[in-house]
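What follows is a single chain, given as structure tokens, in the form predicted on its own.
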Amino acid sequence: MIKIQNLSTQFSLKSKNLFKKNILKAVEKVNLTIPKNSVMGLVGESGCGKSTLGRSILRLIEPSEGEVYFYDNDILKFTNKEMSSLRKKLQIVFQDPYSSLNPRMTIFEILKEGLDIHYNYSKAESIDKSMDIITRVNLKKDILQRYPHEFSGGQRQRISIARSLILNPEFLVCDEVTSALDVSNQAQIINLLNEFKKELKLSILFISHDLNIISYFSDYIAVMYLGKILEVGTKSDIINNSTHPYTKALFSSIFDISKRGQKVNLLKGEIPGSINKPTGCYFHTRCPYAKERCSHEVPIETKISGTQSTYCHYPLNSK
């Protein structure tokens, strides 16, 4: 459904030197394919560019270069009018349920806004559809005339999900949708998304730094570091047969009581800054297997199998 090729997004930052601009390369040359009716988990440390990638795919942030195909159509070439008509098919649920809902609008007005933009429903039809979607996210119909501040974080996130799904999208970006919630609400939100995925045949880009949730909910996993994808594959590929040292270290940090006493492959050193990135492989400054080549030569894609790719000069476990 979604195919991303060489996607890059960068920002110009203010500098103390008036004649020089700092360039922040938030996303660099990303290639990623998200199949229909599947969940692509996107994982990485804070600040690695996960949210920027999600928003760039939807053109909420305009990419600097690259291509984003939705059913073989490059949406980066769409006019504003064409993009506006496509929005109902490409939706997003934001991270913070406290700031993503307009506090001046009732829940009905929040849900109705998208319907007014994309469809020509009467008020009665909009009420029916709002009641239907709000009950499907396990909230009561009588909340439609209330305001966001009257609800908990978990309830607000359900409302945010309802706002996105009322338009019957085909592709959904979930940007850290569970990070502001307690464990109980996290489980409820994930189960809710899983139900909608099956019912609506949704494709989902699920952005998170929570490895346990990524491992549970995803069909495929992409691992990101300093704006680049380092490894991508099925859930089984990444968890059981990861070949990039960063992926290996990342997923070895998941707590598993059955593996007590086993040595954990911990990452050493601090993550480099996003402006002055290392040369060559960005991970070589923290990689226990780095060689001289890694410090100056950028890794290219290495196919491990039909479903798994890595960007490493010396993949682990590879034959």
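The numbering used is simple: start at 1 and walk along the sequence shown. As the structure is a computational prediction, the values presented were derived from the model and not from experiment.
What comes next is about the form predicted together with a small molecule, which is not displayed.
Looking at Asp219, you'd find every heavy atom of it more than 4.5 angstroms from the small molecule in the predicted complex. Taking non-hydrogen atoms only, Ala26 approaches the small molecule to within 4.5 angstroms in the predicted complex. Residue contact check for Pro63: none of its heavy atoms lie within 4.5 Å of the small molecule in the predicted complex. Though the partner is left out of this view, His209 does reach within 4.5 Å of the small molecule in the predicted complex, counting heavy atoms only. Only one segment in the set 66-74, 33-41, 50-58, 287-295 has residues whose heavy atoms sit within 4.5 Å of the small molecule in the predicted complex; it is 50-58.
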